[in-house]
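In the form predicted on its own, a lone chain appears below as structure tokens.
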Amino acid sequence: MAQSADHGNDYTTHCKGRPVTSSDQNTHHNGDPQDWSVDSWSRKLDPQQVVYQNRAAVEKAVTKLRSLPPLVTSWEIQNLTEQIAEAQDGKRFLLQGGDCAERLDDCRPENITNRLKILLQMSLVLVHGLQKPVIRVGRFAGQYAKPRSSLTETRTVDGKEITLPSYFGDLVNAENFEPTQREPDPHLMVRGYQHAAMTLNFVRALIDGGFADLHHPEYWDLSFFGAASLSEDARRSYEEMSGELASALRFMENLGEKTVDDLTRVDFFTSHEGLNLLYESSQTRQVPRREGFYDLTTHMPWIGERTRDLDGAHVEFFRGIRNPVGVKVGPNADPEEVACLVRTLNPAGEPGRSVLIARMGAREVSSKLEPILRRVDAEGVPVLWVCDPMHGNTRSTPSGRKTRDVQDIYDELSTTIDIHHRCGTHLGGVHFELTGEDVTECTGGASGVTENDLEHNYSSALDPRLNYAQSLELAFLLAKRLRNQNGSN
């Protein structure tokens, strides 16, 4: 993806004790680096570099993408930035969720509708529980590329070991373990754009149309309330919250309040990991009457745990755009490095631009999150803290199947809330991998999925996702936990 690494940078200063390049110092007042360009990332090291064999085909695909209309608009991005700034002040809460990796073949109305439905339902539970607006951000319309721990994969086929490129998502190659399928194909970037555009058009039509009476919880599939695994207290709590939400919204509806109309015609934003920098940079441009460059593939791209190196290609690219940018932060992150990242990506300290997505794991969060929170808070740059309780809790069963347990997910959320309270900061959002389908990929929860059930309907190509019941149950749990925390302040 990137060209050869450039290791000749002259380190001239330090960011609270850690070196940063001279390029990090030369910035405009609005945060746009003077020495940055749309393709300056290509001189940096990309640890997830995809090797395309046909350079002419790459140029053809990039040229085509540059000529196409943007997938999102700069004013939508600015709207999201303003809402994130309010969330940084505790006035909103961000809900981000969707597929681990979208498939081009899954660009079908029922799949899109189900994902959107569960996110909107979860958001209404959180609106009611937190008594504040929720920013709805979907891992939709572009989550076609995935990082891998190895650039290649080796399998034994017909008694012979065969090594092929790893599957990097449908934006790069195909899942089938065959040489022609695993060969990175640059035209898939164009196909990814086309499917993202179709997904966005359908989502916008659903949102504009009010989408299926989502303000009536009595119409939702709440059958998990009757699960045998639920305690009587938990069942009563869910039912009471659902009843309160339904009654409140019906009362407002009878009064003709505009708020009800706002709940059916909501802002909805998209996000994806900005892994393939050829794809991201080809849709990055200046727009009339606004300063700086916007990545118009999505409203909020994020940098992954494997690509957040301060001197790497991804930080180089994303430091120059006007979008709000998320950064995944795992348990091995150094607090000083995270503080440098925040300053590098948002040197002017603008509100609404920085989102840190902590993904520590239930076993690591209690010891690893607090030092990072305190160090970044001392940096003075506005940050929205989001918890991703999915990626740090992935484990493999004895059969080799990846899964996550709902209890681990909730434990990380709950511990994160406590740590924020202790540090004087606040949890401003959550990030889930989920689907509206009745999959059996994560264990636990009131739906009662066990390890023995995983093979019944395990359809994810990569990481396990929460199913409909597990997602909605976690929304109820989170709303109650946050409401109790806020009530104790």
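All of these numbers come straight from a predicted model, not from anything done at the bench. Note that residue numbering begins at 1 and tracks the sequence as displayed.
There is another form of the same protein, the form predicted in complex with ligand PEP; it is not shown, and what comes next is about it.
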{"query": "Check all three, 85, 290 and 353, heavy atom within 4.5 Å of ligand PEP in the predicted complex", "finding": "no"}
{"query": "Proximity of residue 441 to ligand PEP in the predicted complex, heavy atoms at 4.5 Å", "finding": "no"}
{"query": "Residue contact check: residue 411 to ligand PEP in the predicted complex, 4.5 Å heavy atom", "finding": "no"}
{"query": "4.5 angstroms heavy atom contact with ligand PEP in the predicted complex for residue 92", "finding": "no"}
{"query": "Contact label in the predicted complex: residue 382 to ligand PEP, heavy atom within 4.5 Å", "finding": "no"}
{"query": "Stretch in contact, per heavy atom within 4.5 angstroms of ligand PEP in the predicted complex, of 161-169, 113-121, 192-200, 145-153", "finding": "145-153"}
{"query": "In the predicted complex, the residue from 343, 182, 103, 391 that sits within 4.5 Å of ligand PEP by heavy atoms", "finding": "391"}
{"query": "In the predicted complex, the residue from 128, 328, 136, 375 that sits within 4.5 Å of ligand PEP by heavy atoms", "finding": "328"}
{"query": "Heavy atom contacts to ligand PEP in the predicted complex at 4.5 Å, residues of 358-378 in sequence order", "finding": "359"}
